[in-house]
Structure formats: C-alpha cells, structure tokens
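Below, in structure tokens: the form predicted alone, a single chain.
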C-alpha cells in the first residue's frame, strides 16, 4: 500500500478513537506502534497513557518520543493487572492479526472499564465482488496483502463482530463506520442501511 494512503487511514482511525476517550482518563493502547495515538491523547486530553507493543523497532521509536511502553505479547494475557484497572483499553487495527482474538477481547474487557476496538470490514462490497468476479483472495486499500504474505489471520465482518458481542453480553456503547476513500464518518443513511456492506472499517466502544 502507498505509505501516504496508509497514514491517511491511520489518522482517520485515531481521530475517531480520540473522540471516544474522556479527558483525564487512563488509557492502555495495545499494539500501539510508535505511540502516535497515545501522544495525541496525552497532549490534547491530558490522559495518563501506557503502550504495549511486541515489535522492538516500534518500541524504540515510541520511547524516543517519550511514550511509556512495555514489550509484551497480549495473547499471553495480562494477569498481573487487576480488573478494570484502566478507564480505556484500545485495540486498534490489531484484532484481525491475532491468533486468539476472542481471548484478547475478553482480557481487554476485563482490565478496562471500556474497550475501543477497530478493524477492517471483510464484508465490504468491494471485497465480495473481488472474490466473486476474480476468484482470488480479496485485496483492498485496507487489506492490500497477498494470501501468502498477509498478517491478517482472522478476518472479520461487522456482522460477525456484532454477533460476537450479542452472544457474550458485551454492550456496544458506540459504533462508527468509515469509508477510507472519503474523509470522516459515513453518513447516517449508510449506517442505518447496511454498514456490513458499505463500511470499509468499524470502530467500537464497548463495556461489560
């Protein structure tokens, strides 16, 4: 993917997530990359921040920017943290690359009073048409990889995620849908009609 296009996607994700976070909150960002979102929350909303990342190169970048960060694989859980320790736990653009996404979702809902989860929607009409007409593993702006080099191992649709939450009594406090080819949130019309078909991206504020 074009690096500038990816940065635009990333910024759109971060801006919506930041709107969901209350000022002065404690925030844990899992898979925080170089800590851009955490720095924004600290500077603009006076949040108390902590990052978790597994990639050492990104950890070095984050620490050089002053982001408090630990190296950890979230799939091993965080049993040393008590229940509801953070106000918000963020899992942005990470759910689909996990081996055990269900286990991780349960853990972030345990340690956070709220969880913010975002992911690309595999139910988008461009993905469906790509598979239907070409018969190949679909690719798009936000899922640009070939089948043999993709980090995405548990692709998910918006309907999949909503069903998961319903089945486990997870409250969806807010849901936002994005079309990454256009800036900002999708219109209310699309939200009401068929976000699983038209949204490229979903962002959810959750609690248990």
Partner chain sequence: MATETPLLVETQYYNIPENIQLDSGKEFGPITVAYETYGSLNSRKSNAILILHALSGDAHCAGYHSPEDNKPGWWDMMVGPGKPIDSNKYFIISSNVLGGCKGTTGPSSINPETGNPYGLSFPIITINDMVKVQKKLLEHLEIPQLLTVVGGSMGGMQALQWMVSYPDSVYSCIPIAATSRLSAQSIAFNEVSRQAIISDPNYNNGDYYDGPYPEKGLAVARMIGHITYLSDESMHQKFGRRLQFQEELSYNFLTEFQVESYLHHQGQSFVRRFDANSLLYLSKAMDYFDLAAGANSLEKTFSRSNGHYLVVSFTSDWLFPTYQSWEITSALQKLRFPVTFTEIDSQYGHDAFLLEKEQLGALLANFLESTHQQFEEELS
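It should be emphasised that the depicted structure is a prediction, and the values quoted were computed from it without experimental measurement. Residue numbers count along the first chain shown, from 1.
Form predicted in complex with its partner chain: not shown, discussed below.
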Original post:
Does the trio 60, 63 and 70 actually contact its partner chain in the model of the complex, every residue with a heavy atom within 4.5 Å?
Top reply: yes
Subject >> Partner contact for residue 40 in the model of the complex: its partner chain, 4.5 angstroms, heavy atom >> reply: no
Original post:
Would residue 140 sit within 4.5 Å of its partner chain in the model of the complex, counting heavy atoms only?
Top reply: no
**OP:** Flag residue 85 as yes or no: does it have a non-hydrogen atom within 4.5 angstroms of any non-hydrogen atom of its partner chain in the model of the complex?
**Re:** yes
**OP:** May I ask you to state whether residue 50 is within 4.5 Å of its partner chain in the model of the complex, using heavy atom distances?
**Re:** yes
Subject >> Heavy atom contact within 4.5 Å of its partner chain in the model of the complex, the stretch among 132-140, 115-123, 85-93, 99-107 >> reply: 85-93
**OP:** Would you give me the residues of 20-46 that have any heavy atom within 4.5 Å of its partner chain in the model of the complex, in order from first to last?
**Re:** 26, 28
